[in-house]
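We begin with a single chain expressed as structure tokens, specifically the form predicted alone.
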Amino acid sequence: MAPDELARLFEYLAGEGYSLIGPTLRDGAVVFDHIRCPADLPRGVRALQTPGSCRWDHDGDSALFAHGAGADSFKRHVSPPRETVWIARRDREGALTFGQPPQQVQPAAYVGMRPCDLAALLIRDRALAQGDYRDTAYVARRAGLFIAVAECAAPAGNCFCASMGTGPGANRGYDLALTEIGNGGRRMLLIRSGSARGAAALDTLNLPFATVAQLSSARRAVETAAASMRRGPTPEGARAALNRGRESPRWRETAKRCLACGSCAMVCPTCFCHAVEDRAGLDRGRAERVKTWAPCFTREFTYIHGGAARPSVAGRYRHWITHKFAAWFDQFGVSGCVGCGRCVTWCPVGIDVVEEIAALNGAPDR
């Protein structure tokens, strides 16, 4: 399919009742938000990222999916930053009734989702949609998702998904996978299905089969992206390094730079920690319980009567990175990091988790 023909897929998905969500350029940055047509995609935009820095460059190319991961991701669409859990009302006789707010979940189609973010979504499923303690609101939003993942051929400077085994290609969890090949104005999208819903979408598009040369070009694009990416820790290597380095002086050195602002947790697509607040109306006739995003970097996050469980910045940073790269294995059987690099890019002081784990492992980073 030529990139301009992507409108046919958009029309099909909209006709099936899906709300379209994908990458788009807004206020000078790439965000993951509601889109209407292929013209909303960030054509010709590339991310120039270093630790603590990101800017978007228009390189004149026609690539639709050459941008890196932005600070925004799918997370706020499946787990809103602020969400009412229940509402209580008192009638004139003083009787209390409790209920959940009405939920009107429109099925959504994520078009152009990065493979690392798809891996993050599957990890969130383990934490929020499986087991004994399910987030019912998350399950409802997740159930209707149609995912058209865009394989990555142009990783940004802080990406290390190849080391974590979550990209730049996609191998599961999608309905359709898009691979962009070609240069300049001669670009093409190769599309393959990964589910019955994806196959049904392909059937309606009536596209020609890819040639052997096109399939080879798509494979080389993904392989080249993986080879050009920075080397990060493997999931097993990171886990071992962090478990060995619990008492390392590196934590105190890093804490001298860390602002404990929580930006890394807020932009991370797998972090799901939250706070719960109870709010009452002035007339005492209505109250609600509200769930909000809350990073574990704040002192208040572990506060109990008598003080905080982790009062030091070093302790809170160690907890975050050790939980992310090591303890997730014990809880969910998988690493909590997908190598998207967001925590590195949007750290105000440029703390790099790849460098931190390499330092604990005693291995140089390149």
Partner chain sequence: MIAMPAVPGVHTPARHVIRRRARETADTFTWELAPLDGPGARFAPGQFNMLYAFGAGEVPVSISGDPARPGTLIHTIRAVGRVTSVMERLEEGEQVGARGPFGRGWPVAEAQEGDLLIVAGGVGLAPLRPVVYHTLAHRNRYRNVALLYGARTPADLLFAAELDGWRAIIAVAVTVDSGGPQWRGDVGAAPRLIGKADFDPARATAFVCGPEVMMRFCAAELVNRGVAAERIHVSLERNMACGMGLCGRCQLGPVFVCKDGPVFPYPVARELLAAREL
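All of these numbers come straight from a predicted model, not from anything done at the bench. Numbering follows the first chain given and starts at 1.
FYI, the form predicted together with the partner chain isn't displayed, but the following is about it.
None of the heavy atoms of residue 27 is located within 4.5 Å of the partner chain in the model of the complex.
Among residues of the shown chain, residue 72 is not one whose heavy atoms approach the partner chain to within 4.5 Å in the model of the complex. The partner chain is not drawn, but in the model of the complex it has no heavy atom within 4.5 Å of residue 56. Remark: residue 140 counts among the residues lining the partner chain in the model of the complex, judged by a heavy atom distance of 4.5 Å or less. Proximity to the partner chain in the model of the complex, taken as a non-hydrogen atom within 4.5 angstroms, holds for one residue of 228, 106, 216, 204, which is 106. The single contact residue among 188, 127, 260, 210, judged by any heavy atom lying within 4.5 Å of the partner chain in the model of the complex, is 127. Considering the partner chain in the model of the complex, the lone stretch of 110 to 118, 162 to 170, 245 to 253, 229 to 237 in range is 245 to 253 [heavy atom distance within 4.5 Å]. Residues 272, 273, 274, 275, 276, 278, 280 of 258 to 283 are found to place at least one heavy atom within 4.5 Å of the partner chain in the model of the complex.
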